[in-house]
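Okay, so here's just one chain, in structure tokens, the form predicted on its own.
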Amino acid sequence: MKEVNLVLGVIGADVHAIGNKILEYALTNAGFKVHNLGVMVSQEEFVKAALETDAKAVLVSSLYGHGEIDCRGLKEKFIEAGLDDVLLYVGGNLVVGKQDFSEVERKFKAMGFDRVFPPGTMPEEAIKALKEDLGLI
């Protein structure tokens, strides 16, 4: 597989790091070049990192339930920066309380995310989606 740069991070005031590290490990082992921004990442930091690394995809996670607020407007920032072709993935506990995932997915796709993953998604599922979306398989 040719080298494909990805940006990974946990958005907003979220400090949940374990899933982030697991994703970094799995994505790296799958052959991607991962630029992990860690936790408490702002929208601007995601955009800057995507520009600097020529990322083909940005994977945003949130576990503390405020992803809906933290992610609002992110796609617009990518478009403003000329990065409208960068894939945007989001996953985790994205909303407060129990909500039907199909409704959560609809909200995030309306915000411009290409893929939305529910809590508990295994890394292999995101890797398969990335390879499909990037035309690697």
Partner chain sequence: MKGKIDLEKFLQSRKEVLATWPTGAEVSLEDGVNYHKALPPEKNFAVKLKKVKEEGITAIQPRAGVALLNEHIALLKYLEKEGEADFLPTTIDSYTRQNRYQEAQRGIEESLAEGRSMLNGFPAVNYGVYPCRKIIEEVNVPVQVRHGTPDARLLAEITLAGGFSSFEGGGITYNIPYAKEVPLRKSIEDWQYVDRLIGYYAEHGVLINRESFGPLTGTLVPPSITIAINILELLLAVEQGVKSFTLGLGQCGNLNQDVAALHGMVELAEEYLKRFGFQDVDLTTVFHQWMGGFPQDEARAFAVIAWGAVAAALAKANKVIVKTPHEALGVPTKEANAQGLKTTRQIVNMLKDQRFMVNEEYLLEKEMVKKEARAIVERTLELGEGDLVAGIERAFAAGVIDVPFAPSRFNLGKILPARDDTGAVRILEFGNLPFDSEIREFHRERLKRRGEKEGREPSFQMVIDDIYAIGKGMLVGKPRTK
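Numbering follows the first chain given and starts at 1. The model shown is predicted, which means the values in this text are computed figures rather than measured ones.
There is also a form predicted in complex with its partner chain; it is not shown, and the following applies to it.
Novice: May I ask whether 13, 69 and 96 all come within 4.5 angstroms of its partner chain in the predicted bound form, judged by heavy atoms?
Specialist: Yes, each of 13, 69 and 96 comes within 4.5 Å of its partner chain in the predicted bound form.
Novice: Do residue 40 and its partner chain share at least one heavy atom pair within 4.5 Å in the predicted bound form?
Specialist: Close contact exists here: in the predicted bound form, residue 40 approaches its partner chain to within 4.5 Å, heavy atoms only.
Novice: Taking its partner chain as it sits in the predicted bound form, is residue 128 in contact with it (heavy atom to heavy atom, 4.5 Å or less)?
Specialist: Although its partner chain is absent here, residue 128 would stay clear of it in the predicted bound form, with no heavy atoms inside 4.5 Å.
Novice: Even though its partner chain is not shown here, does residue 107 get within 4.5 Å of it in the predicted bound form, heavy atoms only?
Specialist: Residue-level check for residue 107: yes, a contact with its partner chain.
Novice: Looking at its partner chain in the predicted bound form, which residues in 100-128 have at least one heavy atom within 4.5 Å of it?
Specialist: Going through 100-128 in order - heavy atoms within 4.5 Å of its partner chain in the predicted bound form - the hits are 107, 119, 120, 122, 123, 124.
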